[in-house]
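Shown here is one chain on its own, the form predicted alone, set out as structure tokens.
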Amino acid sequence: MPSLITFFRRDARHFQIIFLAGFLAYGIVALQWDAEWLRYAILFGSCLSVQAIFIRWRRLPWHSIKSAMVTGLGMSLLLKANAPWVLVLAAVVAIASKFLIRIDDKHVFNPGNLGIAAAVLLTGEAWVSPGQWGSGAALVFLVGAAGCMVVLRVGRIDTSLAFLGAFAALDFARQVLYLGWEPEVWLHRMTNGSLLLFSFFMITDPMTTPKARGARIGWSIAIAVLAFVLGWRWWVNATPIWALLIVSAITPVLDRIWKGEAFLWIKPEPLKTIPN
């Protein structure tokens, strides 16, 4: 049993898979979503299939299939489409981008983020549905607590806090201080489930965030500012998705300027010393 616990804790993707699957179950059971099993199966199965193709092609370790599981579950929580082929397109773009769009041996875009954006922009048959989550206290606790556990495990709590803090401050200044709306309206927006999922599970992807902490914080604030401007000035839907896509393009530049340690999903085992 101790060895099993150690194995589980060594890889943060285990936490992500369990929590994201839990959120999906929460949506179906507690929020009474329509159980779109075909949509889930297409997204999840397509992500795993494309990942398996690249694993065989590049002769990679099979534990990397867990990254495709995370991507498939994340897209199942956010992406909706009118046709199955759109879901397949989203999954193919998401997973293939990890292997085909790389700089300095690191993929540039968050896979799920790019897959969702491609499906929406290229087909006109897909969309993100932020309202499906509501903003109940139970959901806030569930996503916030689980999200904190995951980002603390991957060392990206700074990214979540910088983004949420900046976005919340800008939205408060506009809605409460400038427009004079009640603070409850602002709080309702800040406790939206899609925003919290984005903050704790998408923007914090350790493989696509800047390596240096200072760069990550500035990068996160830039995403928050752009998301706020897109929503306020142009009334764009799901603005964090588009802001992340745009700002991710400068991540390789930030990594060149501010050096940091490369992230590894599975930490190497510490060497055991043999007593004399």
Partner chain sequence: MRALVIQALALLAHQAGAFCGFYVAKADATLFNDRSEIILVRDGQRTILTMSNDFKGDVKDFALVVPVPSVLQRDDIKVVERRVFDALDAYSAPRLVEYYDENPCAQWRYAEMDAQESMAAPLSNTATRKMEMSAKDKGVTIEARYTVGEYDILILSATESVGLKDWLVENGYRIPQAAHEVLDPYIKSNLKFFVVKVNLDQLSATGFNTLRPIQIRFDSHKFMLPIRLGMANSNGSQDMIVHAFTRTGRVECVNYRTVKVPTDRNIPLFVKQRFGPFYKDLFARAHRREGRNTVFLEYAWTVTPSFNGMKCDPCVGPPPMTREFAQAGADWSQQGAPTFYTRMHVRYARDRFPQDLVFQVTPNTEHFQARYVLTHPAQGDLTCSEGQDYLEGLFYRRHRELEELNALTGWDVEKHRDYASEVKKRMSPEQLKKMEAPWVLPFSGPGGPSAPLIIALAASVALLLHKILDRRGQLKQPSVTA
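Positions refer to the first chain, counted from 1. Everything numeric here is computed off the predicted structure, so don't read it as measured data.
The next section is about a form of this same protein that is not shown, the form predicted together with its partner chain.
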- Message: Trp62, Phe99 and Ala249 - do all three of these have some heavy atom no more than 4.5 Å from its partner chain in the model of the complex?
- Response: no
- Would you please decide whether Val225 lies within 4.5 angstroms of its partner chain in the model of the complex, comparing each non-hydrogen atom pair? no
- Wondering, does Trp85 line up within 4.5 Å of its partner chain in the model of the complex on heavy atoms? no
- Message: Taking its partner chain as it sits in the model of the complex, is Glu125 near enough to touch it, meaning that at least one heavy atom pair lies within 4.5 angstroms?
- Response: yes
- Taking heavy atoms and a 4.5 Å cut-off, does Pro130 contact its partner chain in the model of the complex? yes
- Note on the structure: Only hit among Ala168, Leu152, Val185, Leu161 for heavy atom within 4.5 Å of its partner chain in the model of the complex is Val185
- Message: Under a 4.5 angstroms heavy atom criterion, identify the one residue in Leu31, Ala212, Ala41, Met207 near its partner chain in the model of the complex.
- Response: Leu31
- Please determine, with the chain shown alone, which of 144-152, 172-180, 89-97, 103-111 has non-hydrogen atoms within 4.5 Å of its partner chain in the model of the complex. 172-180
- Note on the structure: Taking its partner chain in the model of the complex and a 4.5 Å non-hydrogen atom cutoff, the residues of 215-245 making contact are Arg233, Trp234, Trp235, Asn237
